[in-house]
Every structure is written in structure tokens, then in C-alpha cells.
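As a starting point, one isolated chain is supplied in C-alpha cells, in the form predicted alone.
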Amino acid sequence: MTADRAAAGVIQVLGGILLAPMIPGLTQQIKARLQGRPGPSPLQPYRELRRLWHKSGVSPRPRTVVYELAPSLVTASLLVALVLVPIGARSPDWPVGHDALVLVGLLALSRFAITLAAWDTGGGFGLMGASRDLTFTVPAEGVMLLAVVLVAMPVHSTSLVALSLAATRSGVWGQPAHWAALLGFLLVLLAETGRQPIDNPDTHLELTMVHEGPLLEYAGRELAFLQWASAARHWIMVALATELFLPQPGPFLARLGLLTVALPLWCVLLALTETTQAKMRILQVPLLLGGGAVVCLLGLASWFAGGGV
């Protein structure tokens, strides 16, 4: 194993586990500053995780093994997803590989597990949040698959390492399909991270929350695992956006520097979007994501019309 791959592996694991909570924390602080408020510290998610870690859990009734296993399954899915995403187009030869379709499946599996947990306990607000979450994320996963197909066509591979290496080619930036994939993925980024205009991460009202709704029955360490998994989802999405859709320099250290700069820039973009856009009505969100699918399909048509094979 080369030094580049070993370093990338360390960042994949430790970066995803330790730095993931910094992404939503930094986004919240930037958003507050844009709105003229001091806002919380970027370290606030770490404090919240520490507080939850020392609290006891809850035992709702009725419940089954589905409720009890959901936090472990969600956490395990996100841990495996972390090592699928390359860092600087490098990654060790993990046994799970680096297939983009596997990554989409793992993200869907984690959401399916927490949705089943909400159905298991049968709480009204949890069920409401879970149904709204599926209303948003099922079409988002379809758009994500279309975006992956668009960036995979030039290299004839769904390996995330190969797709990241393809971003170094200047030719892909002249293809409408690549820009269509970028626009579609930006909508997926908002949906997967639960940001406005799709969801409001600041609300704590049971009637309006979406992503937090299925978590209402959890507390203590179980809730800490689920909140870390949400932060890890932020990390995965912004890392993917950097690796696949930003012009990449050749050397590994230069790519690593780009990732270091890009992560806070994505936080700024998310904060700007939340500051300038109001939350959409629930039934309008699938229409927005459907528009992203149409854009990706137009990119697919342009690829074949241009003679792509």
C-alpha cells in the first residue's frame, strides 16, 4: 500500500468519524452570521453528542427488536459508507470496494432502518416525520442514481475512485451531461442533509419536523449514534460533491488541499441557500426533485446525441 492510499484511508475513517459533526456545526454558525446573529459554536454538535452519551436511554412501549437494532444498523451503514468515498481519488483496497451504487444502497438502508423503527413504536409524530422523509428522499435517491450514471458514462465505471480521477480531465467540463449531473446532485445534497428549502433543521415543532421526527422516541447513546450518523451523511455528501464535481488537480497533496478548502465552502453554500430560501410546501418538494431528474435526463439525452458511448 502506498503512502497516499494509507493517508487517504486514515482520513476516510478518522475524518468521517471525528470531523463529520463539524460540517453541520459550521453550517449553522455561518447561517447565523449571515442572519446577523452570533449563532452557536461550530463545536456545538460535539457538545451535544457528549451530553447525550452520558444520558440514559428510553424504553417506549410497544417496541420490538426492530427499534432496538435500528441505531446500530444506521451507524454501521454510515461507517461502511465512509470508506467507500475516496479522498483525493485515493483509497485503500477495502473489502467493500468503492462502487457508487453500493453507496446509494447503504444510504437508503440507513433511512429504511430508522423508518422501520418509527413504524415499530407507532408514535404519531414519528410516523408523520418518517412518511415525509420518504416523500423527499425516495425521489432524491433516484436523482442521485441519475447523476451517478451521468458521471460514470465517460469512464464506463461506477467506481468512485475512477469517477474522482475522471474529474481531472478538462474534457468533462465541456459536456452538458456533467453540468446536468452537478445540478441534480446539488438538489440531492439539500435533500440528504435536510436543509432548506426542503427541510428546516432548526425546527423542533413536532408538526413541522421531518428528519428529526423518526428520532423522537430515542434518547441517550442511541440518539447520539443517530445524530452522528446524520452528521456523517453531511460529510459523505460534501466529500462526494468535491471529489466528483469540482475540477481536481493531479497530485494527491493538491487534491487534499482542495478538499480542505472545499468543505467549508460547501458549508457556506448550504448556509446561503438556507438564508435566501424559505421552506417549501411538502408537496412541492417532489416536484423540485422531479425537476432535477428532468435535468439529468436531458443531460443523458445530450450525451447520446453527442455520440457518447
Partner chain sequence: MSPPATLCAAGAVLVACGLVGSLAGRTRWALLLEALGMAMIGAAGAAVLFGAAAVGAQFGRGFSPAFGIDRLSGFFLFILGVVAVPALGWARGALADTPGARMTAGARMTAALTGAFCLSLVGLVMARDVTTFLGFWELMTLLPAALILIGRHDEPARRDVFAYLAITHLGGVGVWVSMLVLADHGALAGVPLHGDGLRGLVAIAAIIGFCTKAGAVPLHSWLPRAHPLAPAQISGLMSGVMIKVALYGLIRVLFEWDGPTPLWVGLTLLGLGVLSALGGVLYALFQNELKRLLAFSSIENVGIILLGLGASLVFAAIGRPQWSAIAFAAALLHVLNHAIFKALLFLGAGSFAAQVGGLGLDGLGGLLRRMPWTGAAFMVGAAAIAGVPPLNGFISEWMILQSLLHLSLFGRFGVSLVAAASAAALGATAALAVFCFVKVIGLVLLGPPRTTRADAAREAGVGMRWPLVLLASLCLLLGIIPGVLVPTLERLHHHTGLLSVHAGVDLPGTGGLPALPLALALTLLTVTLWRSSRNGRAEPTPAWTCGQATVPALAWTSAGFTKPLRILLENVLRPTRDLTIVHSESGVIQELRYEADVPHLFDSLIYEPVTTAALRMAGRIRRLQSGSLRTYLVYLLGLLMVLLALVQLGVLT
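Positions refer to the first chain, counted from 1. This is a predicted model, so every value here is computed, not measured.
The form predicted together with its partner chain is left out here; the points below concern that form.
The chain here is shown without its partner chain. Which stretch in 185-193, 85-93, 102-110, 232-240 comes within 4.5 angstroms of it in the predicted complex, by heavy atom distance? After filtering at 4.5 Å, what remains is 102-110.
So which of Pro201, Gly97, Pro197, Pro176 reaches within 4.5 angstroms of its partner chain in the predicted complex, heavy atom to heavy atom? Flagged contact: Gly97.
With the cut-off set at 4.5 Å between non-hydrogen atoms, does Gly39 touch its partner chain in the predicted complex? So Gly39 does not count as contacting its partner chain.
Check Val261 for me: does it contact its partner chain in the predicted complex (non-hydrogen atoms, 4.5 angstroms)? No, Val261 is distant from the partner.
Mark Leu216 yes when one of its heavy atoms lies within 4.5 Å of a heavy atom of its partner chain in the predicted complex, and no otherwise. The answer is yes: Leu216 has a heavy atom within 4.5 Å of its partner chain.
State yes or no: in the predicted complex, is some non-hydrogen atom of Met22 no more than 4.5 angstroms from a non-hydrogen atom of its partner chain? Heavy-atom contact with its partner chain at 4.5 Å: absent for Met22.
Using a 4.5 Å cut-off on heavy atoms, what residues in 49-74 are near its partner chain in the predicted complex? Trp53, His54, Lys55, Ser56, Gly57, Val58, Ser59, Pro60, Arg61, Pro62, Arg63, Thr64, Val66, Tyr67, Glu68, Leu69, Ser72, Leu73, in sequence order.
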